[in-house]
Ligand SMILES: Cc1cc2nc3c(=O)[nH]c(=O)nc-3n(C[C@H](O)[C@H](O)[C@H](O)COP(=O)(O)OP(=O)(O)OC[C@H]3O[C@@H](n4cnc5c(N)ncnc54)[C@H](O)[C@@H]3O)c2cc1C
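Below, in structure tokens: the form predicted on its own, a single chain.
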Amino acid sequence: MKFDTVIIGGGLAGLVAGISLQRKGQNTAIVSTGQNALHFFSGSFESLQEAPPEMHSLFEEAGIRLHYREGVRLMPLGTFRPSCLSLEDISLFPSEKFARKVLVVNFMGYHDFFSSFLAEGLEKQGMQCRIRFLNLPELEKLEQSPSEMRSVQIARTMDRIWEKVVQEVRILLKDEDAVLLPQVFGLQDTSVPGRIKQGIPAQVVFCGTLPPSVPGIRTQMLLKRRYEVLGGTYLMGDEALEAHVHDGVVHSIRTKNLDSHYLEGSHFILASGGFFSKGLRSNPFSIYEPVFGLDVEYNPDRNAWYDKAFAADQPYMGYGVKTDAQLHALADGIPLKNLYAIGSILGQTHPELGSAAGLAIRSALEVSAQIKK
């Protein structure tokens, strides 16, 4: 099977690169193991002060609406983080105190939304909080199994009964000027969050839960759908195992599902993510990239890989594959001519490209532009 470009990784970076190349007339394939960083996506594009020009049209064509406002967003434990570019249903505030009184609403049996932590954090900012729980019969079947009472399963139900939720919240609402709800709406119907905001006579804020992230999965679904509409080949549930490289050029890769068939390409993009996505792996002695055997930038002292303080920034999250200035991946110090690395597998090796979702977008668009030169 031969393509113009083969992309390893079906998360934000891989999908943006694939869509960008398909829009430019390329024939591409994406190899995706399934779960990726979008399942942990906050809904904000960290380190992007403004959207690159191509990003606006690319996301709009996929049905993903963005908004820009310099300020802060509310985190799941009641703290705040600076942000400015986010999905439309992610609230951005000019300051941490965004209301006088807040009604925090959760659902009976749902333990992945931290109502008390949120209330405590908001009260530290001078807001009065009241916590209430909705008892919805439609969730009773999910409550019978803790594994079913998760954000995505709840979201599938909420898209059908959101009007009932609005009615129940309106009954609970007293003199609060803001309502906090779990981010479990709009998984398949992207209009639901907006309709809820219109139906409740107070500022409505959707706050994150434990993963998987509903906004993240929705974003992946919409980008994947757009990629396939453009003619891209998305190999879901597959895994790149090894590569055929000769004289500094990648000729093909072998995947788990295709058995003896190889994916050939003129270009290859590695967007397989960091440790959580298994794009990078480790043993007691080293950190390595498993498909191409690329050079990885990391501290050889294993004790320096992590910080004992759990909440601290962990050093291993900054490790990544080495590349040249054009993002060609390096093997034994030599750039592979047609292999690029993008997204979180870069770690913090290119601070000029930003971090997290911002890194994914910038690196994907930069590489897709280079491939089409």
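Since we're looking at a predicted model, the values are computed, not measured. Residue positions are given as counts along the sequence shown, with the first one as 1.
The next section is about a form of this same protein that is not shown, the form predicted together with the named molecule.
When you look in the predicted complex, the only residue of S277, N106, S91, S151 with a non-hydrogen atom within 4.5 Å of the named molecule is S277. Just one listed stretch, out of 323 to 331, 39 to 47, 57 to 65, 300 to 308, contacts the named molecule in the predicted complex at the 4.5 Å heavy atom level, and that stretch is 39 to 47. Contact annotation: I8 falls within 4.5 Å of the named molecule in the predicted complex, judged by heavy atom distances. At the 4.5 Å threshold, heavy atoms of L118 stay clear of the named molecule in the predicted complex, well away from it. Contact check for G14: a heavy atom falls within 4.5 Å of the named molecule in the predicted complex. The named molecule is not drawn, but in the predicted complex it has no heavy atom within 4.5 Å of L365. Counting a residue when any of its non-hydrogen atoms is within 4.5 Å of the named molecule in the predicted complex, there are no hits in 304 to 318.
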